[in-house]
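Below you'll find only one chain, the form predicted on its own, shown as structure tokens.
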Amino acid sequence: MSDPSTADQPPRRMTWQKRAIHDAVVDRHDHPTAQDLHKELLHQGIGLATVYRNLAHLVKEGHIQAVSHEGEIRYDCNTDQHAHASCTVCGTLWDIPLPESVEQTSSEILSVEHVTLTLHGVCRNCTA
């Protein structure tokens, strides 16, 4: 899901730091935070400010998504329309498909731009 306003803009330069950050997000499906990625990339000499700056570029360019979860921003390699599920015990966040139809709950909204849906409950690992 890329931003249509950036569709006519040329792609930004892919520095080695940006490539490393991109690959770190794409290689993970646990929705890491910028701090998680910084810890993973610290051995490459990539600073926290560089991680934040390049994550913002990658989101803006549509390569990854930013997901607000429990007061922090997590990063998602899945750019397709989807929902999330979250365990209220261990905090794990994972992708789930969107329901086939989402009822519009307000007659005040003339068109829906996007839907954010997160199911909260206890995961299988925490109930075992």
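None of the values given here were measured: they were computed from a predicted structure. Note that residue numbering begins at 1 and tracks the sequence as displayed.
Same protein, other form: the form predicted in complex with the DNA, not shown, and the subject of what follows.
**Q** Taking a heavy atom within 4.5 Å as contact, would all three of M14, Q35 and I46 count as contacting the DNA in the predicted complex?
**A** Checked in the predicted complex: all three residues contact the DNA.
**Q** Just one of 24 to 32, 77 to 85, 38 to 46, 91 to 99 has heavy atoms within 4.5 Å of the DNA in the predicted complex; which?
**A** It is 38 to 46 that comes within 4.5 Å of the partner.
**Q** I'd like to know if R53 sits close to the DNA in the predicted complex, meaning any non-hydrogen atom pair within 4.5 angstroms.
**A** Within the cut-off, so yes.
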